[in-house]
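Single chain ahead, by itself, as structure tokens, in the form predicted alone.
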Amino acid sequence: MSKLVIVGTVAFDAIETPFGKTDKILGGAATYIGLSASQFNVNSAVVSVVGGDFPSEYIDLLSNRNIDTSKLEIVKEGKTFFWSGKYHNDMNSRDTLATELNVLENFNPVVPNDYKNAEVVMLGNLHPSVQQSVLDQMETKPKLVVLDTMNFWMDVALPELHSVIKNVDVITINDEEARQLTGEYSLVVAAQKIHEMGPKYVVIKKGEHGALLFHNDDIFYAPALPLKEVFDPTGAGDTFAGGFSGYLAKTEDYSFENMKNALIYGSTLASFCVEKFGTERMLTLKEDEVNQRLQQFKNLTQFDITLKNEN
């Protein structure tokens, strides 16, 4: 089984949706990625930073899921990264109410020594220079590097983002970000342009409309499972990334065909994440629930059809 390095934020979130609101709860990209990847019992390590205000039970919660937290830096005199947001009624758009970088502002990631030969690296949404510094610490070239980013870094650190993109195998971004990064409205053309930047595989997330996987001229589409209600979309994209990278680390098959399966697993796990506030649903998720929902995905997309020339 491959080792998985996860880089990203471990944070506090305060969330408001049409269904209610929370005080500070556990959040952060690396948290969602780690919890999602832990469904595959992979050997993973989280590289991040928190303040002295971060509860030890949250760290134990990660450690108990076979996630190495030895390089989760604790700045005792500092405060943990905090984000607060309010979702609109459509649950697709939101307003950021507060962003406090705190200890994240001076974060210098350190990869655990026994993970510097990890086969899979999942670079969660952080400053591109931080993402690159992780790759610089790897003693052997990973078999797969997955990068997640957002439009904010395209606005403030585009040269650094272009630089790290050259060194990754897979990039995962949403449709709006793909268009901003390339200046192309067509997602097919945008994916081609991103290929030219370096990544062999491009994953474009479309929220409630699923996700697209591009590899050269090959395209695969995974729908989002229709849900009765979406309670809180926070962390869904990171949960997707954790399922995607966790499945690939588990199977050690980095082909386009297997990435199709990884896309379905990522979409499946993300569909659970949105059912409760924050990480709550991912903390109670059982294997049989995942398998049942995978079957729903299969039923949703599987069909037999007779082509005209076969009549």
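The first residue of the shown sequence is 1; numbering continues from there. The shown structure was predicted, so the numbers you read here are calculated from the model rather than taken from an experiment.
Another form exists, predicted in complex with a small molecule; not displayed. Remarks below refer to it.
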- Message: Taking the small molecule in the predicted bound form, would G34, S38 and Y247 all count as contacting it (heavy atom within 4.5 Å)?
- Response: no
- So in the predicted bound form, does any heavy atom of M150 sit within 4.5 Å of the small molecule? yes
- Message: My question is simply whether V168 lines the interface with the small molecule in the predicted bound form - judged by any non-hydrogen atom within 4.5 Å.
- Response: no
- Query: At the 4.5 Å heavy atom threshold, is T80 in contact with the small molecule in the predicted bound form?
  - Reply: no
- Message: Whether G237 contacts the small molecule in the predicted bound form should be assessed with a 4.5 Å heavy atom distance threshold; does it?
- Response: yes
- Item | Contact residue in the predicted bound form, chosen from V145, A191, L126, V164 - any heavy atom within 4.5 Å of the small molecule | L126
- Proximity to the small molecule in the predicted bound form, single hit among K200, H209, R94, K116 (heavy atom within 4.5 Å): R94
- Only one of 25-33, 54-62, 256-264, 38-46 gets a heavy atom within 4.5 Å of the small molecule in the predicted bound form; which is it? 25-33
